[in-house]
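Here we start with a single chain on its own, the form predicted on its own, put down as C-alpha coordinates.
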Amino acid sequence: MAHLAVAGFGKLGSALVRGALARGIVRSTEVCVLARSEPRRKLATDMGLALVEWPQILHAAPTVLLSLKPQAFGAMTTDVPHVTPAPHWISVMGGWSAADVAAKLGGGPVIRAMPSVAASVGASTTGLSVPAGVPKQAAEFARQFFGAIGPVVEIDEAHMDAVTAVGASGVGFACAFLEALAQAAMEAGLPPEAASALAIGAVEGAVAGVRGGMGTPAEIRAQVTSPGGTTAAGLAALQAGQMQAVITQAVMAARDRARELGGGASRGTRPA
(Lines give C-alpha, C1' and ligand atoms only; values in the text may rest on other atoms or scores of the structure.)
Protein backbone atom coordinates (compact mmCIF):
# COMPACT_ATOMS: atom_id res chain seq x y z
CA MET A 1 0.00 0.00 0.00
CA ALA A 2 1.20 3.51 -0.79
CA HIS A 3 2.28 5.82 2.03
CA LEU A 4 1.13 9.00 0.23
CA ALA A 5 -1.64 9.54 -2.32
CA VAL A 6 -1.66 12.77 -4.34
CA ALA A 7 -5.01 13.81 -5.81
CA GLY A 8 -3.96 16.26 -8.51
CA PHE A 9 -0.59 16.02 -10.24
CA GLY A 10 -0.34 19.40 -11.92
CA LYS A 11 2.61 21.77 -11.63
CA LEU A 12 2.23 22.22 -7.89
CA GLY A 13 1.47 18.61 -7.01
CA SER A 14 4.37 17.30 -9.05
CA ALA A 15 6.75 19.93 -7.60
CA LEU A 16 5.80 18.92 -4.08
CA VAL A 17 6.38 15.25 -4.82
CA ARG A 18 9.74 16.00 -6.47
CA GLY A 19 10.85 17.91 -3.39
CA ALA A 20 9.79 15.12 -1.05
CA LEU A 21 11.55 12.50 -3.17
CA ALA A 22 14.73 14.58 -3.39
CA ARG A 23 14.87 14.97 0.40
CA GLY A 24 14.03 11.35 1.08
CA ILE A 25 10.75 12.17 2.82
CA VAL A 26 9.10 9.45 0.72
CA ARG A 27 10.28 6.94 -1.88
CA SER A 28 8.75 6.73 -5.34
CA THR A 29 7.39 3.26 -4.55
CA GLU A 30 5.44 4.77 -1.65
CA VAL A 31 3.56 7.38 -3.71
CA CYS A 32 0.52 7.05 -5.93
CA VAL A 33 -1.07 9.90 -7.86
CA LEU A 34 -4.16 10.97 -9.75
CA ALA A 35 -2.99 12.50 -13.04
CA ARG A 36 -5.68 13.58 -15.51
CA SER A 37 -3.76 14.49 -18.69
CA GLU A 38 -1.57 12.12 -20.68
CA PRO A 39 1.61 14.25 -20.29
CA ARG A 40 1.10 14.28 -16.51
CA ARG A 41 0.42 10.55 -16.42
CA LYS A 42 3.64 9.95 -18.36
CA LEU A 43 5.56 12.22 -15.97
CA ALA A 44 4.25 10.23 -13.01
CA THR A 45 5.21 6.88 -14.48
CA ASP A 46 8.64 8.25 -15.49
CA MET A 47 9.11 9.22 -11.83
CA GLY A 48 8.24 5.68 -10.77
CA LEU A 49 4.89 6.61 -9.24
CA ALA A 50 1.76 4.48 -9.36
CA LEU A 51 -1.37 5.84 -11.05
CA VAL A 52 -4.75 5.63 -9.31
CA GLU A 53 -8.07 6.85 -10.69
CA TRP A 54 -10.75 9.06 -9.13
CA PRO A 55 -12.25 8.57 -6.57
CA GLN A 56 -10.16 5.54 -5.51
CA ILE A 57 -7.22 7.91 -4.88
CA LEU A 58 -9.10 9.20 -1.80
CA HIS A 59 -8.55 5.96 0.07
CA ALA A 60 -5.36 4.72 -1.57
CA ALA A 61 -3.00 5.69 1.28
CA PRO A 62 -3.03 6.70 4.95
CA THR A 63 -2.12 10.27 3.92
CA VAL A 64 -3.87 12.00 1.02
CA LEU A 65 -2.65 15.29 -0.44
CA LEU A 66 -5.45 17.24 -2.12
CA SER A 67 -3.85 19.26 -4.90
CA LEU A 68 -6.91 19.68 -7.12
CA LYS A 69 -8.05 22.96 -8.63
CA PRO A 70 -10.27 24.61 -5.99
CA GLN A 71 -12.96 25.37 -8.56
CA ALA A 72 -13.19 21.69 -9.53
CA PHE A 73 -13.07 20.12 -6.07
CA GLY A 74 -16.72 20.78 -5.25
CA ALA A 75 -18.03 19.27 -8.47
CA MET A 76 -15.70 16.27 -8.25
CA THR A 77 -16.87 15.40 -4.75
CA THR A 78 -20.62 15.87 -5.26
CA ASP A 79 -21.34 12.16 -5.61
CA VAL A 80 -18.33 10.79 -3.72
CA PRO A 81 -19.30 8.73 -0.65
CA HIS A 82 -17.58 9.65 2.60
CA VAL A 83 -14.20 7.99 3.03
CA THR A 84 -14.12 5.72 6.07
CA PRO A 85 -11.91 5.42 7.88
CA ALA A 86 -10.72 8.90 6.92
CA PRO A 87 -7.02 9.19 6.04
CA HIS A 88 -4.86 12.10 7.11
CA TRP A 89 -5.97 14.88 4.75
CA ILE A 90 -3.55 17.58 3.59
CA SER A 91 -5.06 20.28 1.37
CA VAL A 92 -3.19 22.84 -0.74
CA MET A 93 -6.42 24.09 -2.32
CA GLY A 94 -7.07 27.80 -1.90
CA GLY A 95 -10.49 28.81 -0.62
CA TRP A 96 -11.58 25.48 0.85
CA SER A 97 -11.60 25.56 4.63
CA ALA A 98 -10.55 22.52 6.63
CA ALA A 99 -14.14 22.12 7.89
CA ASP A 100 -15.61 22.16 4.38
CA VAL A 101 -13.04 19.71 3.02
CA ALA A 102 -13.78 17.38 5.92
CA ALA A 103 -17.53 17.72 5.34
CA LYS A 104 -17.12 16.82 1.68
CA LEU A 105 -14.98 13.76 2.35
CA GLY A 106 -16.34 12.41 5.59
CA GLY A 107 -14.61 13.98 8.54
CA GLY A 108 -11.18 13.78 10.08
CA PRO A 109 -8.93 16.77 10.79
CA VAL A 110 -7.54 18.50 7.71
CA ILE A 111 -4.08 20.03 7.54
CA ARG A 112 -4.02 23.03 5.20
CA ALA A 113 -0.95 24.37 3.45
CA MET A 114 -0.30 27.08 0.90
CA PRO A 115 3.01 26.73 -0.96
CA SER A 116 3.90 28.83 -3.99
CA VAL A 117 4.91 28.05 -7.56
CA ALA A 118 8.51 28.47 -6.37
CA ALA A 119 8.17 24.94 -4.99
CA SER A 120 9.42 23.80 -8.39
CA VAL A 121 12.86 25.28 -7.57
CA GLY A 122 12.82 24.50 -3.85
CA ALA A 123 12.19 28.11 -2.89
CA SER A 124 8.61 28.15 -1.62
CA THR A 125 7.74 29.65 1.75
CA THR A 126 4.72 27.61 2.79
CA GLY A 127 1.99 28.68 5.18
CA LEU A 128 0.96 25.62 7.21
CA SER A 129 -2.05 25.17 9.48
CA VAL A 130 -2.11 22.06 11.67
CA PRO A 131 -5.41 21.84 13.60
CA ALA A 132 -5.95 20.26 16.97
CA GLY A 133 -6.64 16.58 16.73
CA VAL A 134 -4.06 15.82 14.05
CA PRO A 135 -1.88 12.90 15.21
CA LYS A 136 1.68 13.95 16.04
CA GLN A 137 3.14 11.69 13.34
CA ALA A 138 0.87 13.18 10.65
CA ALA A 139 1.72 16.73 11.72
CA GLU A 140 5.45 16.01 11.61
CA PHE A 141 5.13 14.42 8.17
CA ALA A 142 3.44 17.57 6.88
CA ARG A 143 6.19 19.78 8.30
CA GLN A 144 8.89 17.66 6.69
CA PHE A 145 6.99 17.32 3.42
CA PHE A 146 6.62 21.07 2.89
CA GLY A 147 10.01 21.77 4.45
CA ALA A 148 11.49 19.85 1.53
CA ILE A 149 10.62 22.76 -0.82
CA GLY A 150 11.53 25.70 1.42
CA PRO A 151 10.77 27.42 4.74
CA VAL A 152 7.52 26.65 6.57
CA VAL A 153 5.54 29.28 8.49
CA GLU A 154 2.91 27.81 10.83
CA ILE A 155 -0.22 29.95 11.12
CA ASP A 156 -3.80 29.72 12.32
CA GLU A 157 -6.20 28.66 9.58
CA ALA A 158 -8.12 31.92 10.03
CA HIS A 159 -5.28 33.63 8.16
CA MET A 160 -4.99 31.16 5.28
CA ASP A 161 -6.66 33.43 2.71
CA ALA A 162 -4.13 36.15 3.50
CA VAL A 163 -1.33 33.58 3.24
CA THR A 164 -2.65 32.68 -0.21
CA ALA A 165 -2.66 36.35 -1.23
CA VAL A 166 0.86 37.10 0.00
CA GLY A 167 2.76 33.82 -0.10
CA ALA A 168 1.33 32.37 -3.32
CA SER A 169 -0.04 35.30 -5.33
CA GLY A 170 2.79 37.46 -4.01
CA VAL A 171 5.21 35.64 -6.30
CA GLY A 172 3.20 36.99 -9.22
CA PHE A 173 3.18 40.48 -7.70
CA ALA A 174 6.96 40.36 -7.26
CA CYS A 175 7.38 39.27 -10.88
CA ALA A 176 5.16 42.15 -11.98
CA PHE A 177 7.48 44.52 -10.10
CA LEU A 178 10.51 42.92 -11.75
CA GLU A 179 8.90 43.39 -15.17
CA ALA A 180 8.13 47.03 -14.39
CA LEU A 181 11.64 47.70 -13.09
CA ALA A 182 13.24 46.11 -16.16
CA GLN A 183 10.90 48.04 -18.47
CA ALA A 184 11.81 51.29 -16.70
CA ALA A 185 15.50 50.42 -17.06
CA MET A 186 15.04 50.04 -20.81
CA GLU A 187 13.22 53.36 -20.98
CA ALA A 188 16.21 54.84 -19.14
CA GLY A 189 18.41 53.64 -22.01
CA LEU A 190 19.67 50.19 -20.99
CA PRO A 191 19.56 47.28 -23.46
CA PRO A 192 17.01 44.57 -22.59
CA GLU A 193 19.44 41.94 -21.28
CA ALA A 194 21.22 44.39 -19.01
CA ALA A 195 17.92 45.86 -17.83
CA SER A 196 16.58 42.42 -16.86
CA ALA A 197 19.82 41.33 -15.17
CA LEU A 198 20.05 44.52 -13.10
CA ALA A 199 16.39 44.40 -12.08
CA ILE A 200 16.69 40.76 -10.96
CA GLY A 201 19.97 41.53 -9.21
CA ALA A 202 18.42 44.40 -7.28
CA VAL A 203 15.63 42.22 -5.90
CA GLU A 204 18.00 39.31 -5.20
CA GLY A 205 20.31 41.71 -3.38
CA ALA A 206 17.48 43.00 -1.20
CA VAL A 207 16.35 39.48 -0.26
CA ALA A 208 19.91 38.30 0.35
CA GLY A 209 20.52 41.32 2.55
CA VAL A 210 17.52 40.56 4.73
CA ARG A 211 18.30 36.84 4.95
CA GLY A 212 21.99 37.54 5.49
CA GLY A 213 21.47 39.72 8.55
CA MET A 214 21.96 43.19 7.08
CA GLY A 215 18.72 44.27 8.72
CA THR A 216 15.01 44.44 8.12
CA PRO A 217 13.74 45.69 4.74
CA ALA A 218 13.11 49.10 6.34
CA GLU A 219 16.63 49.19 7.81
CA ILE A 220 18.29 48.22 4.53
CA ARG A 221 16.21 50.77 2.65
CA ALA A 222 17.41 53.43 5.11
CA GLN A 223 21.02 52.31 4.62
CA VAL A 224 20.88 52.89 0.85
CA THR A 225 18.85 56.12 1.03
CA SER A 226 21.12 59.12 1.37
CA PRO A 227 19.35 62.46 1.92
CA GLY A 228 18.96 64.14 -1.44
CA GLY A 229 20.41 61.12 -3.25
CA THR A 230 19.21 58.96 -6.12
CA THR A 231 17.36 56.39 -3.99
CA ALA A 232 15.56 59.15 -2.11
CA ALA A 233 14.41 60.68 -5.39
CA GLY A 234 13.11 57.35 -6.66
CA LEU A 235 11.35 56.48 -3.40
CA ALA A 236 9.65 59.88 -3.42
CA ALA A 237 8.25 59.06 -6.87
CA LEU A 238 7.00 55.67 -5.62
CA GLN A 239 5.33 57.32 -2.63
CA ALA A 240 3.72 59.92 -4.86
CA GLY A 241 2.27 57.06 -6.89
CA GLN A 242 0.82 55.57 -3.68
CA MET A 243 2.76 52.33 -4.04
CA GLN A 244 1.74 51.08 -0.59
CA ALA A 245 -1.93 51.66 -1.29
CA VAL A 246 -1.75 49.86 -4.64
CA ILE A 247 0.06 46.86 -3.13
CA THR A 248 -2.49 46.68 -0.32
CA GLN A 249 -5.30 46.72 -2.89
CA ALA A 250 -3.64 43.83 -4.75
CA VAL A 251 -3.31 41.74 -1.58
CA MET A 252 -6.90 42.41 -0.53
CA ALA A 253 -8.21 41.54 -4.00
CA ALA A 254 -6.27 38.26 -3.98
CA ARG A 255 -7.43 37.48 -0.43
CA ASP A 256 -11.06 38.12 -1.31
CA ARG A 257 -10.78 35.95 -4.41
CA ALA A 258 -9.33 33.15 -2.29
CA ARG A 259 -12.46 33.38 -0.13
CA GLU A 260 -14.66 33.05 -3.21
CA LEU A 261 -12.98 29.92 -4.58
CA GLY A 262 -14.97 26.81 -3.87
CA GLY A 263 -18.16 28.84 -3.60
CA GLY A 264 -17.17 30.82 -0.52
CA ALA A 265 -15.70 27.78 1.15
CA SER A 266 -13.50 29.89 3.42
CA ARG A 267 -16.50 31.06 5.41
CA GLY A 268 -16.00 30.55 9.08
CA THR A 269 -12.19 30.74 8.84
CA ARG A 270 -11.86 34.52 8.77
CA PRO A 271 -10.54 36.46 11.76
CA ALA A 272 -13.29 38.13 13.77
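Rigid core (definition): largest C-alpha set, two forms, superposition within 1.5 Å. Start at 1 and count along the sequence shown; that's the residue number. Predicted, not measured: the structure shown is a model, and the values here were computed from it.
Quick note: we don't show the form predicted in complex with a small molecule, though the next part is all about it.
Among heavy atoms of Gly209, none comes within 4.5 Å of the small molecule in the model of the complex. Contact annotation: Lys11 falls within 4.5 Å of the small molecule in the model of the complex, judged by heavy atom distances. For the chain shown alone, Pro62 is not a contact residue for the small molecule in the model of the complex, no non-hydrogen atom being within 4.5 angstroms. In the model of the complex, the small molecule sits within 4.5 Å of a heavy atom belonging to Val117.
When you look in the model of the complex, the only residue of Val101, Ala165, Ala142, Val92 with a non-hydrogen atom within 4.5 Å of the small molecule is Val92. The partner is absent here; in the model of the complex, the one residue of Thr216, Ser37, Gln223, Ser28 having a heavy atom within 4.5 Å of the small molecule is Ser37.
Heavy atoms within 4.5 Å of the small molecule in the model of the complex are found in exactly one of 145-153, 131-139, 197-205, 92-100, that being 92-100. Core-superposed comparison between this form and the one not shown: the Cα of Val64 travels less than 2 Å. The Cα position of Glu53 differs by 2 Å or more between this form and the one not shown after fitting on the rigid core.
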